[in-house]
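There is one chain below, alone, in structure tokens, taken in the form predicted on its own.
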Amino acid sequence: MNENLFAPFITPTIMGITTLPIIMIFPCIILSTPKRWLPNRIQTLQIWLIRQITKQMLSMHNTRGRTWALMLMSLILFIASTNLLGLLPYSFTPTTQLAMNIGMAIPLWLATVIMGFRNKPKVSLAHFLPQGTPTPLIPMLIIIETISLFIQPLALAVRLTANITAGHLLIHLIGSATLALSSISMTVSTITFTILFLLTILELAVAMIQAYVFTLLVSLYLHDNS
């Protein structure tokens, strides 16, 4: 019970060397590619899910936007696998680190913005000033739209970090309470363990939903600029 509440969010090290690159490569080992003519059931399910997500996410894009298909699918698989990896005992979730999420969000957001200014500069500049704006409000609206544009990558990163961190903290707190109550009252301990089990199932869903939301928002930014 004396363990630091935020200890699970500290990057693990071995002999002073961070193990974060190894942890980030681990999902790539899990998601294997089919090496036979007929893939097994897990690989068939994996291919079906990727096709369904690709079809749904890229249906609104034009030809230029669909060139990002590989990038978007790689992004959602990476985030989902790292989120799920953090639910394993004695593991670490890289997506609880705000610096890492900002490192993913800023390059993707910046690429979509540069793509918009390069391919259709008039439309991109028109977002800063909605049509029919009264003349006295023009400077204020330009400032507001500029701030909202630069907040987009920060909102992406903070949303992912906050949701994953909050779930892990709840699991840690309820797990500690269950362990402490096991020596006091088995009835109450059983109730808290049931809550912990249901919360773990919820976190499995949240891990995949947050990966989808992050990728979907990047896809929407791409749609606005392609």
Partner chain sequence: MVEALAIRISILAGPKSDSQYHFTGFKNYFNSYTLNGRKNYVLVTYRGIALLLPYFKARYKKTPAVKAK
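Take the two forms, superpose them, and find the largest set of C-alpha atoms that agree within 1.5 Å; that set is the rigid core. Positions refer to the first chain, counted from 1. None of the values given here were measured: they were computed from a predicted structure.
Separately, the form predicted in complex with the partner chain exists; it is not shown, and the next lines address it.
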Worksheet item: When the partner chain is placed as it is in the predicted complex, which of 72 to 80, 100 to 108, 151 to 159, 118 to 126 ends up with heavy atoms within 4.5 Å of it?
Response: 118 to 126
Fill in: Partner proximity in the predicted complex: Ile142 to the partner chain, non-hydrogen atom cutoff 4.5 Å
yes
Worksheet item: Is Ile138 close to the partner chain in the predicted complex, meaning a heavy atom pair under 4.5 Å apart or at it?
Response: yes
Worksheet entry | After fitting the core, Thr133 CA displacement of 2 Å or more between the shown form and the other one | yes
